[in-house]
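The chain that follows stands alone, in the form predicted alone, written as structure tokens.
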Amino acid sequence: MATQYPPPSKRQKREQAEIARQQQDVEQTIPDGSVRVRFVDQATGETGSLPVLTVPLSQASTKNLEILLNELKDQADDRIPYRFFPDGGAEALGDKEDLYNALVKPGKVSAESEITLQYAPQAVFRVKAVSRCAAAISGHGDNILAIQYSPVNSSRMASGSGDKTLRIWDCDTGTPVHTLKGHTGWVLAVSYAPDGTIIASGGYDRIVRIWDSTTGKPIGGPLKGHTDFITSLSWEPYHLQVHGRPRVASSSKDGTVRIWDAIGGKVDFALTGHKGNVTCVKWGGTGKIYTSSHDKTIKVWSASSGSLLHTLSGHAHWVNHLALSTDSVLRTSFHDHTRTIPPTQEEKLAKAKSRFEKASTIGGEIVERLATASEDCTLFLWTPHTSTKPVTRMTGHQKQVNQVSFSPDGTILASCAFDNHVKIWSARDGKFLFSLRAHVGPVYMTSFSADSRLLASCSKDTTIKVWDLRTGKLKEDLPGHKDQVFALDWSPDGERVGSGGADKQVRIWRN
């Protein structure tokens, strides 16, 4: 007869669990040896005065490489965080990766060969993920359809609604400051000027209105000319403006785009040529205007003469949205994370221009990239100043793509669609990186944090979600809205996220 042993005691179970845990915690050993590393500046493609170094494999982690590069560039006192792209690849090494496990062990490179690491500075500040609702403010009498923060700071935010009004909110106290009345139809588009002093709005009443952002009073009369509703607005970049004469472009369902003198209240010229609704307009920093339409094309216009320069074709259905790689820096002009505003007009212009040039320079040239999202479930990446052919076609979404946006540092693209997914792509070559899956309804909008490390998305499922773009994982799930969320904006200083939707409430989220 077999011997029946008693079941293990609590002490024996605890000891066995401890042994199992210790065995799992055995660290992965990196073999002895070294690797030769060459650092290349991603912006210029040159090594400069940096030597080729021999680095021990056991020490070749991303963090150590960052310390080493800062020492070589004499920045040890004020270290800059860097991203490293092996051999010019589209994907950067992760924060906790090392050269052995990322490149040598998988066989991507040989330990005997020289490894070229392109380096690019990350944002020199870190934005914290918003995690709570700081204010839920009622006031609007209908769906909130558009939201935008002031480029100056996160204390002021404007919202447009189906109740035919705009409201300016004090986000520090969670209270309304001004109610802007004048539209006779839904307000579909709201846009702050790059210096933050005036606001443009457009809507179902086919009229564009200009407002003083401090007093809430209208500037001049309504700008009339469109024969159908306004779909989007885009301001002339600050460094291209004639002082005292800011201009704004409005696109409309009537198939035209009109360029307005915002203060003078007159139309400069109209861009006609599209055969369908114009869905989106973007005013680029190189003096070009980009428009997308239901006629399946994207057109590039001269902002000085209004003449058509190129027509970009390739989409098989309506083009819903456009994004420029310089959108973030054009929106904020001379406002940056230091919060110091230049005292004179000349210094403001110089700062706005230098920020644009820094953001758009690749390999010594100014390159403004364009991304387009379409009802054909695809996206295209273009460099319109060099070619009318797309750089790449990005496929993967299963339904219509609503919106596309570039990260502020210009390295990542985010697209959201009716298939409930947000997809992340490399902004350089359009390579697919990963999908963000957690929404259970169509995703309407996304908005990047100022440091490009986080992304917020809003959806028909009534939630806002915040994603960590280094890991591709959900960082925060923010329920609170009682109905679908149409509008979303992350303030340029990274402090707050504003949202609004069908529950008629503006919500302000912060860390």
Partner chain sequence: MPQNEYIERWQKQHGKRFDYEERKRKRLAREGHKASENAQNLRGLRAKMYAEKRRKEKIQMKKQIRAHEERNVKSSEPAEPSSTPLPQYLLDRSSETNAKALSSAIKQKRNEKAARFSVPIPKVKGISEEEMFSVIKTGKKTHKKSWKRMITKPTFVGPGFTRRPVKYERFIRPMGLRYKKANVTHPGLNVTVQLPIISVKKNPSNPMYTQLGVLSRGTIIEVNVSELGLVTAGNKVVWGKYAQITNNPENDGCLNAVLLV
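On a predicted model such as this, the values are computed, not experimentally measured, just so you know. Residue numbers count along the first chain shown, from 1.
Missing here is the form predicted together with its partner chain; even so, the following discussion is about that form.
Student: Since exactly one of Q118, Q241, T231, S150 fits, which has a heavy atom within 4.5 Å of its partner chain in the model of the complex?
Tutor: Contact check passes for T231.
Student: Could you work out which of P408, G255, P390, G162 is the residue within 4.5 angstroms of its partner chain in the model of the complex, going by heavy atoms?
Tutor: Filtering the options by heavy-atom distance leaves G162.
Student: Only one of these stretches, 421-429, 265-273, 136-144, 193-201, has heavy atoms within 4.5 Å of its partner chain in the model of the complex; which one is it?
Tutor: Of the options, only 136-144 has residues within 4.5 Å of the partner.
Student: Is the gap between K128 and its partner chain in the model of the complex 4.5 Å or less for some heavy atom pair?
Tutor: Result no; K128 lies far from its partner chain in the model of the complex.
Student: At 4.5 Å between heavy atoms, is E375 in contact with its partner chain in the model of the complex?
Tutor: Answer yes; at least one heavy atom of E375 falls within 4.5 Å of its partner chain in the model of the complex.
Student: Taking its partner chain as it sits in the model of the complex, is F434 in contact with it (heavy atom to heavy atom, 4.5 Å or less)?
Tutor: It does not: once its partner chain is placed as it appears in the model of the complex, F434 has no heavy atom within 4.5 Å of it.
Student: Considering non-hydrogen atoms and a 4.5 Å limit, does its partner chain approach H294 in the model of the complex?
Tutor: It does: once its partner chain is placed as it appears in the model of the complex, H294 has a heavy atom within 4.5 Å of it.
Student: In the model of the complex, do T279, W318 and N402 all reach within 4.5 Å of its partner chain through at least one heavy atom apiece?
Tutor: Answer is yes for this spot.
Student: Does anything in 467-481 come within 4.5 Å of its partner chain in the model of the complex by heavy atoms, and if so which residues, in order?
Tutor: Contacting residues: none.
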